[in-house]
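Take a look at this single chain in structure tokens; it is the form predicted on its own.
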């Protein structure tokens, strides 16, 4: 028997896993009506033949930012066809296209213009993109909406040249999505002045809202009656502690079901959720560490060392230990602050500023935000 037939013939608690993928766009987005309306009230200008203002969407991971943008895109494209209005909405994930050249080339390709991902000058690519509007390839008065997901990745990697180009292209509106409120630190004043953005902040989901999301998805994903009573509330409670991350909640539920299949169980139990949590967190930390530059890994190793010694971790003490671990191949004290900020953005550490009292100034204290054993295992696997 073919191995795939053998595996495919086994009993499963799942009907279809795809509905538990965070990239799946459902017909209904629970508890995001206000955010959908916020995006729509700006984008509606496109239906009047007016280029909408730029929009910036902030929120922690798993708060529905991408889903809302794609949902609004789907609805706008639908009604623009009904009204015979020339509107296109293109989606770019900036983790896949990390430079201005790549993004512009991708936009050209999405719009039917054959532009290579390398080999041209940046000016040639930009010219090809703007030509699409000048030649009226898509008819008159095309309005192009561009969703730039995880834009902070591109800005850190390549600067604000892309925003400079797009904000100076007629009939283009930008929707920027970021997990970080402070991502505009990477944008120069000349670009900020032309980025006519309206800001929309997405709050984290609470536990009950996550329960509602998981219940809807589970009806589509699991066979009837396979989820033990407290599985969904437990997934929701754990995800609520992770700053209301719906992606994490869906991942927990899916992994719990996969563990049930591995164990040959016809029921998904609460213990599988706890086991799934350990598995997901281990993989998450391992994946992050594998992508860290070696100098940042040395900083993290120094924080782990000081944490295990139960020492208070100040930036000065951290730098001393880091220099020992680096064995002469160390960066400047000033650069360490950049590494600390980046590790905090990744959720591996946290920082807080405390006052030492009158005349003693203020000090930054650093705390590890993941389990020491988990971090040790992940660093060991990476070496």
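Numbering follows the first chain given and starts at 1. Every value quoted in this text rests on a predicted model; they were computed, and no experiment measured them. We call the rigid core the largest set of C-alpha positions that still match within 1.5 Å between the two forms.
One more form of this protein should be noted, the form predicted in complex with a small molecule, which is absent from this view; the next part is about it.
A.B. asks: Does residue 60 make contact with the small molecule in the model of the complex, using a 4.5 Å heavy atom cut-off?
C.D. replies: Although the small molecule is absent here, residue 60 would touch it in the model of the complex, with heavy atoms inside 4.5 Å.
A.B. asks: Residue 349: heavy atom within 4.5 Å of the small molecule in the model of the complex?
C.D. replies: Residue 349 lies outside the contact set for the small molecule.
A.B. asks: Spell out, yes or no, whether the shortest heavy atom distance between residue 371 and the small molecule in the model of the complex is within 4.5 Å.
C.D. replies: No, residue 371 is distant from the partner.
A.B. asks: With the partner left out of view, is residue 56 within 4.5 angstroms of the small molecule in the model of the complex by any non-hydrogen atom?
C.D. replies: Because no heavy atom of residue 56 falls inside 4.5 Å of the small molecule in the model of the complex, the answer is no.
A.B. asks: Please pick, from 150, 242, 100, 197, the one residue with any non-hydrogen atom lying within 4.5 angstroms of the small molecule in the model of the complex.
C.D. replies: Among 150, 242, 100, 197, a heavy atom within 4.5 Å of the small molecule in the model of the complex occurs only for 150.
A.B. asks: Quick one: from 39, 29, 321, 343, grab the residue that has a heavy atom within 4.5 Å of the small molecule in the model of the complex.
C.D. replies: The residue in contact is 29.
A.B. asks: Where does the small molecule sit in the model of the complex: which of 228 to 236, 252 to 260, 123 to 131, 211 to 219, heavy atoms within 4.5 Å?
C.D. replies: Careful reading of the contacts points to 211 to 219.
A.B. asks: Answer yes if the CA of residue 40 moves 2 Å or more between this form and the one not shown after aligning the rigid core, and no otherwise.
C.D. replies: The answer is no; the displacement is under 2 Å.
A.B. asks: Once everything's superposed on the core, is residue 346 shifted 2 Å or more at the Cα between this form and the one not shown?
C.D. replies: Residue 346 C-alpha, core-superposed: shift of 2 Å or more.
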